[in-house]
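Only one chain is shown below, in structure tokens, and it's the form predicted alone.
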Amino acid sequence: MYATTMDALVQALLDGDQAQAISTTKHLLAAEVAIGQILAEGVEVAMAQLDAKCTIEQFNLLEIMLCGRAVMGIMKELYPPDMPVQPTKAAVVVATLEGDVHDLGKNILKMVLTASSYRVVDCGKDCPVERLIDTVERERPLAVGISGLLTTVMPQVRRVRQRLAERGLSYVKVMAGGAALKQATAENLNVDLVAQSAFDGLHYLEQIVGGGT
């Protein structure tokens, strides 16, 4: 029953059926399935399948938008906007860089970090590198989280660490994720971490906050 319901959630997300996705999520929550499981076995599985289709031949913007809307619908079920969360941990600045107007991955990361008591500063989508750096200089965060669906933003991502160093902000960690960026290595993007999911990013931050490596 559990596996069947989770499979139904993945299919609803891939179909872009927001109503069905929300209904299935409510069933899982009522069955006391943990939020982490719903994200890992439902949302992340659907996103991975969608990522795999993001090739030049199969890239379908409408399909991505519908899936994104469905994902955000269930994310709001899992993390209600009015859920009382006190930001007791470090700040994290998130952005989708200039040239990419897709912010699904960024928004998921923002919700997961906010629910985990981080103070998230959102620079939005299509964000110029200089605006991102200005925000980091003002907010003095623990890390920057960059999301990218399109490969065209890779050169922008590679500039971030250098620009941070030029402002005396080299201590700020740089995380990258998203369909395009996940295909690259941390060395290639000149970042500290290439996250395969929002929870990869969260785990990395928790290690830093906890004094791990």
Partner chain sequence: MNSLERVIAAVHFQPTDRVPVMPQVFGHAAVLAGVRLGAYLRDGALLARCQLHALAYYAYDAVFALMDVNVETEALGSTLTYHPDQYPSVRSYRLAGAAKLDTLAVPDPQRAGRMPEVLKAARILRQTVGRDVPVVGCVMGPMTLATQLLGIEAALYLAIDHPEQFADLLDFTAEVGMRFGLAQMEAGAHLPIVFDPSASPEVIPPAFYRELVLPRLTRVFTAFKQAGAPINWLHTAGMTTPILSFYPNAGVELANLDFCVDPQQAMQVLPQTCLDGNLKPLLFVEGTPAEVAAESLRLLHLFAHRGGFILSSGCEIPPESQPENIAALVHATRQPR
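Between two forms, the rigid core is the largest collection of C-alphas that superpose within 1.5 Å. Residue numbers count along the first chain shown, from 1. Owing to the predicted nature of the structure, the values given are computational and were not obtained by experimental measurement.
The same protein has a further form, the form predicted together with the partner chain, not shown here; the description that follows concerns it.
Heavy atoms of Cys123 never reach within 4.5 Å of the partner chain in the model of the complex, leaving it off the interface. Proximity of Arg158 to the partner chain in the model of the complex: non-hydrogen atoms within 4.5 Å are present. Contact annotation: Leu104 falls within 4.5 Å of the partner chain in the model of the complex, judged by heavy atom distances. Not displayed here, the partner chain is approached by Met154 to within 4.5 Å at the level of heavy atoms in the model of the complex. Across the proposed site, Leu62, Met111 and Gln183 without exception bring a heavy atom within 4.5 Å of the partner chain in the model of the complex. Only one listed stretch (40-48, 144-152, 24-32, 161-169) carries heavy atoms within 4.5 Å of the partner chain in the model of the complex, and that stretch is 144-152. Relative to the superposed rigid core, the position of the CA of Ser197 differs between this form and the one not shown by less than 2 Å. The gap between the Cα atoms of Gly16 and Glu98 is larger in the model of the complex, by no less than 3 Å, than in this form.
In contrast to the form presented, in the model of the complex the C-alpha positions of Ser197 and Met72 spread farther apart by 3 Å or more.
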